[in-house]
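Only one chain is included here, represented as structure tokens and corresponding to the form predicted on its own.
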């Protein structure tokens, strides 16, 4: 398996340790070599509404580091992935904002030619590693576990930038979860927005959007929700108790990263994939699998 550069982003490096740790362990199991970007910076997500050129320049700087290292770049965060891909797109197509960003980078002594592909974690897992290789590493199938696959809105849209998946009905995570032995429910909210971007300015709307996702998962009998985005995880897991309090409802559904579920299916321990770091307790997930003979 080849080596990739790796851009963790602020969320994964900071509060979402369960994603960072499970990515590291699963990559190791699959034989994926990763080299973290040297001296990476924030992708500029919080500046998007005020200064697009700044966001493009910040993201392009990260991409330039991957380009200098010479490895395709894996990005596990949907927001970071979307921003780095936008930077790649704007600069390749020499748009006005792209030209502004390039000028700023050159003034800082940074050269970026958008020659190294920016890849989302899902893209690499499904298209480089492949289903058969993932299947070969399954030691403890997730038998009996019903999972709602939640992709979020930024990993698949806009489709001209995030081009590896169907923007309306993505299936990569569905296919991986099925390969792990889980039962994947038909999840209508799989690409709906969780409201993460509006949390600071309009909490009511943000909570309503997340509540709709949680409600469908519970209504359809899912044992857990699988995600690949730190912001989505923060909303659905970290804010779930607050959402319950404000909405006067009880969900109590664990929200796990895909890589956590992959690690469990590969025979890694709960500590290996940091299940103890999830806010909504995930122990029932292991009990469910155990009763079905998976562990």
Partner chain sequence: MGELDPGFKYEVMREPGGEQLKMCFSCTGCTVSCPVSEIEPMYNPRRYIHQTLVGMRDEVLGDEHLWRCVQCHSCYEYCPQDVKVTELISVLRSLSEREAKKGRVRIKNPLYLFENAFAESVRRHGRVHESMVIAKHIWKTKGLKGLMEFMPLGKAMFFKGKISLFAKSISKRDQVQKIFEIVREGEH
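Model, not experiment: these values are computed from the prediction. Residue numbers count along the first chain shown, from 1.
Note that the form predicted together with its partner chain isn't included here; everything after this is about it.
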item	value
Interface stretch in the model of the complex with its partner chain - options 192 to 200, 115 to 123, 214 to 222, 175 to 183, non-hydrogen atom within 4.5 Å	192 to 200
Contact test in the model of the complex: residue 279 vs its partner chain, heavy atoms, 4.5 Å	yes
In the model of the complex, residue 94 touching its partner chain (heavy atom, 4.5 Å)	no
Touches its partner chain in the model of the complex: residue 86 (any heavy atom, 4.5 Å)	yes
Close approach of residue 45 to its partner chain in the model of the complex, 4.5 Å, heavy atom	yes
Heavy atom within 4.5 Å of its partner chain in the model of the complex - residue from 133, 128, 208, 188	208
Residue (of 156, 74, 148, 145) lying close to its partner chain in the model of the complex, criterion heavy atoms within 4.5 Å	156
Site test, 32, 67 and 137 vs its partner chain in the model of the complex, non-hydrogen atom cutoff 4.5 Å	no
In the model of the complex: members of 1 to 28 within 4.5 Å of its partner chain, any heavy atom	10, 11, 13, 14, 15, 16, 17, 18
